[in-house]
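Below, in structure tokens: the form predicted on its own, a single chain.
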Amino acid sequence: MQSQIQCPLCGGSLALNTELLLAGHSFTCANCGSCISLASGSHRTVQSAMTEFSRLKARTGEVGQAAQKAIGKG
């Protein structure tokens, strides 16, 4: 999943891919050149958060479809 975060050093916009970040890749800030990566101890926490986010996102879509069907727009 493509994401944008703020560089912790310069505040610039930093594009990264969460799957690659979890796989151990690092990303370089185009503004200041600092290297951003995920600490090895954080992988499990971030993976768990991403899984929960994906689950909630899917559930939100299901609820929206059910609501539209209930009011006759789906």
Partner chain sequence: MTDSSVNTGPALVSMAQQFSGLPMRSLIGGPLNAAAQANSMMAITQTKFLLNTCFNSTQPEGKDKDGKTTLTPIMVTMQLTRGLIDETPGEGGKPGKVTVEPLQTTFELPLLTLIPLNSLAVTDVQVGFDMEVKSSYSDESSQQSSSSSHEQGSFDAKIGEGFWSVEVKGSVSHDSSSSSSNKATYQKSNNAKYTVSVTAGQLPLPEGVTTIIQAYTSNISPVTVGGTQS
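Throughout, rigid core stands for the largest set of C-alpha atoms superposing within 1.5 Å between the two forms. Positions refer to the first chain, counted from 1. All figures in this text were calculated on a predicted structure; none of them were measured in a lab.
Another form, the form predicted in complex with its partner chain, is not on view; read the next lines as being about it.
Engineer: Check Ile36 for me: does it contact its partner chain in the predicted bound form (non-hydrogen atoms, 4.5 angstroms)?
Structural biologist: Ile36: contacts its partner chain in the predicted bound form.
Engineer: If you check in the predicted bound form, is Ala30 within 4.5 Å of its partner chain, heavy atoms only?
Structural biologist: Residue-level check for Ala30: no, no contact with its partner chain.
Engineer: Applying a 4.5 Å heavy atom distance criterion, does Leu20 contact its partner chain in the predicted bound form?
Structural biologist: Contact with its partner chain, no.
Engineer: Between 34-66 and its partner chain in the predicted bound form, list the residues on our side with a heavy atom within 4.5 Å.
Structural biologist: The stretch 34-66, when checked against its partner chain in the predicted bound form, contributes Ser34, Cys35, Ile36, Ser37, Leu38, Ala39, Ser42, Thr45, Val46, Ala49, Met50, Glu52, Phe53, Leu56, Lys57, Arg59, Thr60, Glu62, Val63, Gly64, Ala66 at the 4.5 Å heavy-atom cut-off.
Engineer: Could you check whether the CA atom of Gly61 moves 2 Å or more between this form and the one not shown, using the rigid core for the fit?
Structural biologist: Yes, because once the rigid core is superposed, the C-alpha of Gly61 moves 2 Å or more between this form and the one not shown.
Engineer: Once everything's superposed on the core, is Cys10 shifted 2 Å or more at the Cα between this form and the one not shown?
Structural biologist: Stays below the 2 Å threshold, so no.
Engineer: With both forms fit on the core, is the shift of the CA atom of Ile36 between this form and the one not shown 2 Å or larger?
Structural biologist: Ile36: C-alpha displaced by less than 2 Å between this form and the one not shown.
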